[in-house]
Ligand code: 1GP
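First, one chain by itself in structure tokens, the form predicted alone.
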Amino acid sequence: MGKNKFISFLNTSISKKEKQLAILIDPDVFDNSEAAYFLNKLPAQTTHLFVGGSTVEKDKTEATVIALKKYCSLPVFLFPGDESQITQSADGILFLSLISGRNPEYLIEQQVKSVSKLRDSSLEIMPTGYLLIEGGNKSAVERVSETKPISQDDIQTIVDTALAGEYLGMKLIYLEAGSGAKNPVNTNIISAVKEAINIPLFVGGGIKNEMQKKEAYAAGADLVVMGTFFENK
């Protein structure tokens, strides 16, 4: 995959006011034998597939990526919970840094551990500032990373953290309420962050229906991520 191809595509899409939709697939619960059936159910507007989870058994990520790519031409990007989930079978990787937390394991240490797998890789590497936002229940990200989400009421801290991520050189900002969140990221938060940053904004967690998706877009999300909703269909 060409260097910065996805980032360039996103920026072009944003300039054209085109919205993107990614479906997040957790290899730990996904049935690879049902890949063709699953893909056939996805919305026509789906533009990307994200694969990963907070905890995934060894080799499951690669098997899932291969199964998906067998039946579709959509770009498949890794959304890894740790470096063990990296596979060269995907098209790219969201190189996540959990900048809302203060656990060095997910700020920088997992990233350093991944370098040996990425140094000569063909994966497009997309530096992503990852913010965990309180979603009404304890998410797997909170449990595994041992970090607390930022309260949805603390909009200024969310905005400042997102902007700090941009200043640090991140190419994307991802606001995450957590898989299966009761409450998606509030539209006021999305609007405030979008107004502050000059890089693409992803929003996911708790977005379960068309109305919530449209609200996130209207508030400023450039790409919406939906996951649990489709896993359970």
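For every residue, the number given is its place in the sequence shown, counted from 1. It should be emphasised that the depicted structure is a prediction, and the values quoted were computed from it without experimental measurement.
There is also a form predicted in complex with ligand 1GP; it is not shown, and the following applies to it.
Chemist: Given the stretches 27-35, 190-198, 63-71, 169-177, which is the single one in contact with ligand 1GP in the predicted complex, using a heavy atom cutoff of 4.5 Å?
Modeler: Contact-bearing stretch, as computed: 169-177.
Chemist: Should L49 be counted as a contact of ligand 1GP in the predicted complex, where contact means heavy atoms within 4.5 Å?
Modeler: No, L49 stays farther than 4.5 Å from ligand 1GP in the predicted complex.
Chemist: Does ligand 1GP come within 4.5 Å of any heavy atom of Y106 in the predicted complex?
Modeler: Y106: no, not in contact with ligand 1GP in the predicted complex.
Chemist: Considering only heavy atoms, tell me if V225 and ligand 1GP come within 4.5 Å of each other in the predicted complex.
Modeler: Close contact exists here: in the predicted complex, V225 approaches ligand 1GP to within 4.5 Å, heavy atoms only.
Chemist: Look up in the predicted complex whether G206 has a non-hydrogen atom within 4.5 angstroms of ligand 1GP, and give yes or no.
Modeler: Output for G206 is yes: heavy atoms within 4.5 Å of ligand 1GP.
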